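Form predicted on its own, single chain, as structure tokens, below.
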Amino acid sequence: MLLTITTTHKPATDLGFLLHKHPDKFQSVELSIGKAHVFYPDSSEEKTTVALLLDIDPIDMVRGARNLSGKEFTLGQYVNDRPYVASSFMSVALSKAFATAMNGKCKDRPELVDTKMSFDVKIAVLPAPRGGEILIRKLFEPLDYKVNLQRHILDDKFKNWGESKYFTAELSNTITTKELLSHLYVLIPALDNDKHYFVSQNEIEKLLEKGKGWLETHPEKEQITRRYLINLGSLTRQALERLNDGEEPELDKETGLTQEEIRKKETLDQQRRSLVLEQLIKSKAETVLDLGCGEGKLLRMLIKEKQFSKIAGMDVSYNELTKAKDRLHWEEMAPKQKDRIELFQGALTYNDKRLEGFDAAAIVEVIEHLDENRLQSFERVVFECAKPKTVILTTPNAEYNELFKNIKAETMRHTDHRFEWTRKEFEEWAKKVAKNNNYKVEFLPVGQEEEMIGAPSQMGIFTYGNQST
């Protein structure tokens, strides 16, 4: 586990004074689980590099482990990545090896404490199991770091196994030494989110002390705080309240999310329905069918648009249809409004004459609830038999799941999902359906797009009468 810090500040040897570590000496610091070694691979007035090497004792690590095994792997205490990745072990080593510099003190050259220097930091290897490259960039780039990442494959001999969660990170910035060390101290374990020691009230004090001056204004402060405190709701709530100068962050007791994050989640749902409505209006449809209408969120939006003279909602669940009626205030609805809308129970895998004759159909986050071997029946019911002129269909983008904190690798966004597709998989399926049924299909992202992994959901807009290319 190696971290190097390089500066080309003139003279670069000032770094030695700040760190209180002489370039000509190899020094070691005792840790509870091994040793941290400090040495200088380079030391000149033009360029100085200091290296922090952790030598973790796997036996001591198992003896004092809070939880290294996880729930999925019985031998996890003995076979794990802890000796090889930068995590909370590295934070402890930084605080012990460079305590004076981290506290902003320099006895021999006090003027250097507030001197900004150009730094190049290399961390090998950095784990990011939830969020990957996107998460690393979200944490460091708002602090003006230039970030260069190399993702490692699982095994050079078995390249078809794919990429791992491990990155070699190169970070560049011009800041003070104290700022650099405090950023590394907080953000490295926040990325890994697996502390090797018991997290208690004291960790709040450490977080606030090391995050002073930058964490309170960081756009990802809530995520950093939660991950640093390993998602412990009560500690996170206290820390955020103090970061917000006493303003209650309003963590939801059930989900552990802040109100801001809940609003973001709601905004995605709203964005999805708003985009569906926009495309339905754009299609000039007058009669619309909401397949899998659920509790009627889209129906409530549709009924406000005078363009739609006939609106129908179908769902397999009678309870959901009852909720939809309640949300639509069915009993108090004016007769003219009630004449425009119809609700009925049905399944998307069985041919139903009631589905025929509509200008457009909306199928919003529905198909992933079907077994994949039932998709052919769904395609026939909707595209061959009902055959609306326009079909607006959305489904989750599986690639985006790595950004969700509570989703484990290789699992789906919701337990009742039967499958989730990548963008490529969805487009291949949609183009095939369009070609087989004389539709043209276009694709739109739903929600904020992230580089390389796309948006949270994906939309296909099928238009009848034009062969897909």
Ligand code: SAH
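Residue positions are given as counts along the sequence shown, with the first one as 1. Source: prediction; values computed, not measured.
Same protein, other form: the form predicted in complex with ligand SAH, not shown, and the subject of what follows.
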property: Contact flag, residue 315 vs ligand SAH in the predicted complex, heavy atom cut 4.5 Å; result: yes
property: Partner contact for residue 348 in the predicted complex: ligand SAH, 4.5 angstroms, heavy atom; result: yes
property: Heavy atom of residue 320 within 4.5 Å of ligand SAH in the predicted complex; result: yes
property: Contact test in the predicted complex: residue 380 vs ligand SAH, heavy atoms, 4.5 Å; result: no
property: In the predicted complex, the one of 221, 122, 369, 389 near ligand SAH [non-hydrogen atom within 4.5 angstroms]; result: 369
property: Candidate from 293, 180, 361, 128 lying within 4.5 Å of ligand SAH in the predicted complex - any heavy atom; result: 293
property: Options 170-178, 369-377, 329-337, 203-211; stretch whose heavy atom lies within 4.5 Å of ligand SAH in the predicted complex; result: 369-377
property: In the predicted complex, residues of 6-28 near ligand SAH [heavy atom within 4.5 Å]; result: none
